[in-house]
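Only one chain is given next, in structure tokens, and it is the form predicted on its own.
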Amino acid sequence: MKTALTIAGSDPTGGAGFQADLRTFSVLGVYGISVPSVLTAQSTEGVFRIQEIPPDFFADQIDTLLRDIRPDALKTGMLYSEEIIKITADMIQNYSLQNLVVDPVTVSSTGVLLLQEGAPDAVKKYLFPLATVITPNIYEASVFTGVDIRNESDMEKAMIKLRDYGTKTVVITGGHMKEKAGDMLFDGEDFLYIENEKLEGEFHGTGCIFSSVITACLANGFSVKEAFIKAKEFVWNAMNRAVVPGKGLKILNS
């Protein structure tokens, strides 16, 4: 069995964060390992408090784990601070890890900022050049490029800029666009656009699960394009089966 690592925040609801990643890895037949980067007090109604894990302990978590288990692929989610981002990048390089998927989380589904000041630039500088794939949503892609994304043409402009930061492949998830739910991949040569009907309601964890599907697929030997197509289908189906365990957002059911 292949192994995938998630380095991400903790979400007590299980709808996002490393809990959702591990659940997704398991569904796809990949053994999941995890290192929490930050703790949160949150529910389906929102994020109410963020508690950063001490950087030295965070580094010990990764180093101890990687001295024992080498993942076939890995993803990063909410990293929160510039120091945590630098440690993550250093560990990836020190252990020569391959198949890195960067989900550059900047804000929660309910609008809470999930990165400290300076952290977006650190993600762009230290993690993007190491990534096989980055998977920002349209808001995050706009933050990193300054492009106001309203349509497919805008997505293409942003993707070209994002790829210039050093990543091999860019995926922008467009579920937050008003009229349609279209995701696009750009590998430096071709654009691949897949569109679905936009579902009603507000969902929690779509970006986390999308990127964890890509990670699991890369661990299993799929190409990036194959992983992208699989992730689009997987998330669409999970959204259609979404559950409402609390008072707030729907949680994907894979």
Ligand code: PXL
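Everything numeric here is computed off the predicted structure, so don't read it as measured data. Throughout, we count residues from 1 along the sequence that is shown.
Here the subject shifts to the form predicted together with the named molecule, a form of this protein not shown in this document.
The stretch from 93-101, 155-163, 142-150, 107-115 that comes within 4.5 Å of the named molecule in the predicted bound form, counting heavy atoms only, is 107-115. Proximity of V235 to the named molecule in the predicted bound form: non-hydrogen atoms within 4.5 Å are absent; the residue sits far from the partner. The shortest heavy atom separation between L65 and the named molecule in the predicted bound form exceeds 4.5 Å. In the predicted bound form, the named molecule lies within 4.5 Å of some heavy atom of A16. Put simply, I214 is far from the named molecule in the predicted bound form: not one heavy atom of it is within 4.5 Å. Counting a residue when any of its non-hydrogen atoms is within 4.5 Å of the named molecule in the predicted bound form, the hits in 34-64 run T40, Q42, V47.
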